[in-house]
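Have a look below at one chain only, the form predicted alone, in structure tokens format.
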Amino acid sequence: MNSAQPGSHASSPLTRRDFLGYSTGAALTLATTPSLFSITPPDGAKPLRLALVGFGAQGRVLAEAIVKVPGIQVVALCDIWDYAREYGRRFFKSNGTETNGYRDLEELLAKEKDLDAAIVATPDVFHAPHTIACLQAGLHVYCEKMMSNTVEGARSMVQAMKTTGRLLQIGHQRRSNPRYLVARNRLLLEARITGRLTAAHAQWNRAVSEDLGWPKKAAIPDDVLKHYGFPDMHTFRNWRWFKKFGGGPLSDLGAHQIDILSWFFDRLPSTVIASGGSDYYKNHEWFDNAMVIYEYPLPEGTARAFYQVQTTTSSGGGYFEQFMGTEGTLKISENPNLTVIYREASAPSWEEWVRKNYLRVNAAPAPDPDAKVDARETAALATYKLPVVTNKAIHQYHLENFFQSIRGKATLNCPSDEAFRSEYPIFKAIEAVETRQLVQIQEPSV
């Protein structure tokens, strides 16, 4: 059984095993090829027995991915909402597994004595106490991001991982996505197709939406809500918008992209300035829109990264991370249709990387050189594709990495100490929004 190895994987290039099926002229179809990105239980190995703690929207997303992984059984389910537990029981039964339902995690841990691991998908404020309780019960834990809605809560989770010696994976699932691994390790670190990195841009823009409702007959009794700290059913269903329970859009959505900024730059930013506010929703505590600028002190000079999260418009291209350099730009998203690679006209030839199938030339016609309307425009960019095809749910690879690590066949792609370091700049961005000041970012202590 592996113990977490803080940061040990961060700069490790993919091995040749990662690229089984990788050949000139053929797309890299990792999801259908036995490789590091697939999970195969050892012959004769008993199934891993899991508890799923929290069966809200994210818990259901994880459940749908878990049931597709062989050798995994969810045998216990915990949620304070009877309606969610019954939904979960029927979901897992339809997938061939009987689950025991619990309202309280303490009761679950007292009665379920043959568990290997827990999946924690409760509101952020409960991540630390729930994760620590499971670690101290001897379980390995996969906990959704953000680790907590406070720095202190996140830090306590790292300390518990180190104290108990159990595995604690945080759900920054892009770190196990084959497309992101190839983009980072092959294109940025090995081929260095961008040249000197000078800027980055990332965002998550989505349209306005109504607050979540609930079947009135299924409402949680007031005494139960209050026992778990919720003033009413609306707050329970929309906890992400309230500071006691979550971290707002910069935490919920921004955590995905800001994690990628620090991971791809392989360092923390040194400063952050930001602006945000409650411009649209009047019944939420957290700001609904925010714009953030980080400075990353790279060895060759400063790179600035602009991040925006908008919950009032889906315009602007959806969600992606884009790394811009003197020779090229890598724009990547979990949505393959939003992923594209640009080559500057003055960049050295990329023929070597095309020949090695790191890139594929876009079939679109070359830009018309006479299309410029201003003489000061630079030449249009040629576009390339990332030749990596996947067909699994976006969370499945990260869960598989967790399960394989429990079996001693892999190391965690996002152990809690590394996740804490990556999430720390998000807390500082929120501080910058609230203080309207430039905020210095130091290496966080554990």
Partner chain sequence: MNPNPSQTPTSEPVRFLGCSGQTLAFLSLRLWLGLRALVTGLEKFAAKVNIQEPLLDAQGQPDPSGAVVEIEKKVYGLSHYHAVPESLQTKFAGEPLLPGIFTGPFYAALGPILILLGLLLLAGICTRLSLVGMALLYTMLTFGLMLIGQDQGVSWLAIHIALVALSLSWVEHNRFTLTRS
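Predicted model only: the values in this text are computed from it and were never measured. Positions refer to the first chain, counted from 1.
The following text describes the form predicted together with the partner chain, which does not appear among the structures shown.
Among the candidates R174, R186, H130, H140, the residue which, in the model of the complex, approaches the partner chain to within 4.5 Å (heavy atoms): In short, R186.
Residue among L268, A191, L181, M233 with a heavy atom within 4.5 Å of the partner chain in the model of the complex: Selected residue: L181.
Joint contact, A305, K331 and N337 to the partner chain in the model of the complex, by non-hydrogen atom at 4.5 Å: Judged in the model of the complex, none of A305, K331 and N337 sits within 4.5 Å of the partner chain.
Segment that reaches the partner chain in the model of the complex - one of 54 to 62, 387 to 395, 373 to 381, 403 to 411, heavy atoms within 4.5 Å: Result for this chain: 387 to 395.
Contact label in the model of the complex: N357 to the partner chain, heavy atom within 4.5 Å: Yes.
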